[in-house]
Structure formats: C-alpha cells, structure tokens
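In what follows, one protein chain appears twice in different forms, each by itself as structure tokens: structure 1 and structure 2.
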Structure 1
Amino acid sequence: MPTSQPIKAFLDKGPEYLPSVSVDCVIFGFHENQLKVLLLEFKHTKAFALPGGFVFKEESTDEAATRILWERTGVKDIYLEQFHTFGEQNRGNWDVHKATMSSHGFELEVEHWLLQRFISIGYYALVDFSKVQPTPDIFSDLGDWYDIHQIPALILDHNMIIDKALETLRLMLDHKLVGFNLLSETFTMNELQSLYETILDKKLLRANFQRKMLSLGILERVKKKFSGKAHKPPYVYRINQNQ
C-alpha cells in the first residue's frame, strides 16, 4: 500500500478522536548503568519527537497510551504511569506537522483538526532497553534510544515533557518502586544502588543507601551470593511479597 494511503486514513480519523486531547509517552530505558529515552525521527523533516498520538472517543487515556505505544514503537506489556498534563497556551508549533504532511502530498488547511491546540497527557515508564526493539510507524524513519544527557532538540514542548518525566521518575523511585521492575527476582544491594545512582545521576553513600532501603520495609534477605572468591559474599534480597 502506498505510504499516502495510511496517512490519508489517519487524517480522515479526525472526527473519531477526542478534540484537543493527545498523549505523549516518555519511555526511559535502563541497561548496564545507562539511562536512555526512546525517541522517533519523522520522515523527511528529520525532526525528533516522543512517541505520541490521539485519544479515540470510546477509549480511556490509559488505553490510548497503551495503544499509541504499541502503534508507534511496537512496545507493549509494560507499565505506564500518568504523570502530568501539559496545556500551555503557546505549546502549539505545527510547522513540523505541516512539513510532514506536505512531504507526503497533503496540504493542511489552517482549520484542520491536526493543527489545533492540543492538551497533552504525559505518561512515563522504565524498561530494559536491551529487550526493546523500536518499530517505526508510517510517520517515522526510525525509533531509537538516546542517552539522557544527549537528547536532541525535540518538537513542541517534548524536551520539557522529558524533564518533567525524569523529575517524576526520581521522586517515585521509592514511592512507586518503579526501579524494581528492572531487577531480577533476587538482587544484591550493589545492583540496587547502581540502578538508583544511574537514574538519580549521582553517587550515593553505601551505608546511607542501605540503611534507607532497609528502612522501607520492602526488602527480604534470602541468602548470600557465593562467587567462589575468597572475599565475603554479599547478601541477596528480594521484594517482600507480604508488604
């Protein structure tokens, strides 16, 4: 099917979407002490953006976020957390949308639904990026992981959305225990501390960190991890399922 046909089908769906409501997903990827963000690069324009889209009238925003993530990246079955709503009056700058559609042969009128002001609901998640292979959609040349310190300039307010998502992720490490989704069923305190240090982007004092984590009352010590070496093996922990 020519590229223009699925794009026309998308444009024709305008009346099926909730007016002026969109969803943007900040997918953080962690692996081997690296923290990255999943971004899409639009065809022809070389503009970068978060995976995002619009909400059908018959679905919830949570359902829309799950669907959009699957459609735009091929990623599914991961935990998504709604973290903020972005609704500044000046958040619209639709030159990229115009250029993208024009490159596919579609000239949008000023009153076109795609060029109206949208309030965006932000979602974030944390996954192991070594286990996720992004799938480009009809608008994107590719999807790829970018180091959190090397994020390019993005469309609209997407850089601000990432900053807010990272701030929320760091605040929720203890409250939502998001980071534990990336660990094995059992893990050492060193492995847990490395995860926290990567996400928080700072070194933590070992004794203080261990004291803090144990005080949460969520860890259960199960056994020592023997390495076959002469030094004392570290303790191994898991989440206490009774909490």
Structure 2
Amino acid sequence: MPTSQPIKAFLDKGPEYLPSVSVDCVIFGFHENQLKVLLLEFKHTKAFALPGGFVFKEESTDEAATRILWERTGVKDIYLEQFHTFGEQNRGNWDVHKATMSSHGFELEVEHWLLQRFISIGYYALVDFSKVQPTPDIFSDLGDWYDIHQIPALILDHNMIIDKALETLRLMLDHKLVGFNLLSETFTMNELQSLYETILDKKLLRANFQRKMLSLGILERVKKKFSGKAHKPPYVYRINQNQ
C-alpha cells in the first residue's frame, strides 16, 4: 500500500484545526434543466461524500466554507450560506475515514484526531455551472456533478445534509432572490423559469411567472437574443443588483 506525502501533510495539520468542528458544502449547480450537486468520490474505497473540511483555528467557519468551496471549484465570490449544523452524537459510520486512510497506507490509532467526533456546519452554495471546474481533493479520484434525483449513498449523514440543503433552498427561493446565482450572468426568462421549476419540482405557468419576475423590478433587459431557433427570439436579462 503506497503512502502519500500530501496525505501525511494533511494528517499532520490536525493541531491547526479547531477540534470537533467540520464544514460540509452542498454545492448546487444547474445544467441542462437539472439541479446538480457536486460530490467527491474517494480513491480506492469508492465512497461518495460532500466536499468538506475542517476549520483552521485562525479562520471563521464562513471563511473555512469559502476556502473549501474555492479548493473544490476554483471559484471565489460564490453565493454561500450556512443552513444547519449537524450535531448528532453518532452521525454515521466513522469507519470510512479509517478505511480511507488505511487504503492510503495510514493506519490511524483509535485516538487519532480524524477519528474523533465532529459536528458539521452545513453550507450550501449556488454556483454558475459553466464557471466551475470540479476539482478532486487529495482523497478523491474525482469530483463530479450528480443530478439531485440521482444522489448515490454517501458517507455519514451526508444524504441527510443534502436533503436539508434542498429544503432550505426551496424555502429561500420564495422570499429571497437567490436563484439567479445558479445561472450565468445573463439568461432568458425561459431559463429562469426552468430553474424555478426544477428546484420547486413543479410546473409554473409561463405568463404568470414572467409577470411576477418582471414585477420585482430587478431584471434588466439586455437585448434580444438571436438564438437561431425557429421562433421569436427571447429577451436576455441581467440582474440589476443596485436597484
């Protein structure tokens, strides 16, 4: 079994982290009319997990989440919000960590910091799918997008974390204009509606959706889009944040 230098470096960082506290990120993206979540797949063990990490003693939990997000997606300035902290005593089977490290050639003793109890602060992020290059971490073969309806079994309580994140996102969509962050800078009304329909998982009436969005007064009409499609070209919108 090979031992890896980066992993040793990571394990040695234990004392720099705030004990007992971890951060997990549910990174939402939107592509081809599907709501996606970014997942990591561990090397060797092939277990799936949310991108997560620990909090340095000299950073806030928000900063830690931002950092983890950046490490996983290569993007900064991302819409990121804390939504729940998961503090069950037994959040699932911690053997995964032992097994993962073992597969890398590190046999952790029972008292190792990585095998202690951690609570997890959950953050969800809304990113522009097209701007993101999923980046595996040192434990992962690959990071990839998964349709929200086709999430595999994840380690620990990560499936529950995703459920809660989605629930929160749906709630937020109602009274905060948060969805735009999942689209590129400019978008058509159709794209926006598809996004809403996907997140809320229900059909909306086109005319009424348009009326409601326009009435908010924050959509700026950029131009007609020449799509090359055989129909009237739609307007392209951008958010007018300073309105």
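Throughout, rigid core stands for the largest set of C-alpha atoms superposing within 1.5 Å between the two forms. Note that this is a predicted model, so its numbers are computed, not measured. Every residue number counts along structure 1's sequence, beginning with 1.
Just one of these is the form predicted in complex with another copy of the chain; is it 1 or 2? Structure 2, which is the form predicted in complex with another copy of the chain, differs in this respect from structure 1.
In degrees, what is the turn of the smaller rigid part relative to the larger one between the two structures? The rotation of the smaller rigid part against the larger one between the two structures is 23 degrees.
With both forms put on the same core, how far apart in Å are the CA positions of residue 73 between the two structures? Its alpha carbon moves by 3.8 Å.
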